[in-house]
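As a starting point, one isolated chain is supplied in structure tokens, in the form predicted on its own.
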Amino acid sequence: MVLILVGVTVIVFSIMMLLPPGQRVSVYVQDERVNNQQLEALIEKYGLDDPAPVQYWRWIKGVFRGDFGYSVVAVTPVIEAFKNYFPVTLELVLIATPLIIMTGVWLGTKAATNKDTAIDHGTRIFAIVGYSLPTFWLGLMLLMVFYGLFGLFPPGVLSNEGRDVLYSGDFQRYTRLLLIDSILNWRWDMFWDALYHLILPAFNLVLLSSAMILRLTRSSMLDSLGQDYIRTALAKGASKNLIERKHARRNALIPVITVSGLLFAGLMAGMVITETIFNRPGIGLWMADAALRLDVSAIMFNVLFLSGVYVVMNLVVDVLYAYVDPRIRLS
């Protein structure tokens, strides 16, 4: 894990070094009256013309001290910006991911156990359509129908009244996750307000991402149902429900676990479109703005953080393998 993260930082830092020092320092200069001599002085002050290994080592030392630089987009230190953006993304991911996995596994199981029936054909059509739809198109359609026509599920994080409560000073931010903090503050009006604004983006992600889990579950279940141990269990008189739930589905979960772990990491890294459409200021929106404005410090931090998420999720997936499949545990 450590070697992977170090390798990622070296690669990304090398790409950042392709930008000339003048372009990197100009991002942090807001005054248009700054001349070339002043820019050269800033480059020398921050060591942007030093050799690449020297700059990399300086950045790594800052990382170990918790100093990730300054984010131009957020107009605040990177770590402070992360504390503001991260909970918005995490809250949506924690709501959407279990729904995606449960929906995909349930529909995939139904399709496999009812092979070549109307249920199977219907779920396969849903999977193909869901997997093919562009994220931005479906998000816009959902907004037009639910919010545009019926005035339901508005974009954003909170209503105007909820934002007034949030910034009034009486609302304590224990975790910065609105749903949890609302419960801890005994503000159920804030809880329902935050949940109300989460429904449409979560629904958008479930429709799109559960299609992949559905197809994978169906394929794995069909493979498991054709194995000899299933026929043995049927011959011994085991019920169909027990065979499907305990024998076939559990053995079919190995590839599903792999994809689910990567799905969680991918949602943490790739919700730029969803957060933009539904006006949720999360990590995806921050990364998009940072890339457009060449916010080097924010880009470096986000790449490092998201690489860590992927590495940790791969570790979690490996542990879950052993939990689900005793053969892996015994080996």
Partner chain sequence: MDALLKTEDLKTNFYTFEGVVKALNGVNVMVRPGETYGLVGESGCGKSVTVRSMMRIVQEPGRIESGRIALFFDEKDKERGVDIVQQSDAYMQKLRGNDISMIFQEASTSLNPVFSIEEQIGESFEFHRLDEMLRETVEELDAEIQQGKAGFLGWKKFQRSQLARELASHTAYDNAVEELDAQIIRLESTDLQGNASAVAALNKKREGMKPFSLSTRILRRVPILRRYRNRLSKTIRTHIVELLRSLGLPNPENVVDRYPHELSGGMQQRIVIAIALACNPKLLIADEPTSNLDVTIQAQILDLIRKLKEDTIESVIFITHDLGVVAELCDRVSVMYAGDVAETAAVKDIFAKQYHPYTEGLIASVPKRDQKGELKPIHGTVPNLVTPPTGCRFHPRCPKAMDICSQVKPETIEIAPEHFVACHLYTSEDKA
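Positions refer to the first chain, counted from 1. Just so it is clear, the structure is predicted and the values come from calculations on it, not from any experiment.
What follows is about the form predicted in complex with its partner chain, which we do not show.
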Can any non-hydrogen atom of Tyr229 be found within 4.5 angstroms of its partner chain in the predicted complex? yes
Can Thr175 be called a contact residue for its partner chain in the predicted complex at 4.5 Å between heavy atoms? no
Should Ser239 be classed as touching its partner chain in the predicted complex when contacts are defined as heavy atoms within 4.5 Å? yes
Does its partner chain come within 4.5 Å of any heavy atom of His247 in the predicted complex? yes
Please determine, with the chain shown alone, which of 239-247, 193-201, 71-79, 166-174 has non-hydrogen atoms within 4.5 Å of its partner chain in the predicted complex. 239-247
Which listed residue (Val157, Ile180, Ile95, Leu225) meets the criterion of a heavy atom within 4.5 Å of its partner chain in the predicted complex? Leu225
Contact assignment for its partner chain in the predicted complex, among Asn185, Thr103, Thr109, Asn251, heavy atom within 4.5 Å: Asn251
Using the arrangement in the predicted complex, list in sequence order the residues of 275-304 with any heavy atom within 4.5 angstroms of its partner chain. none
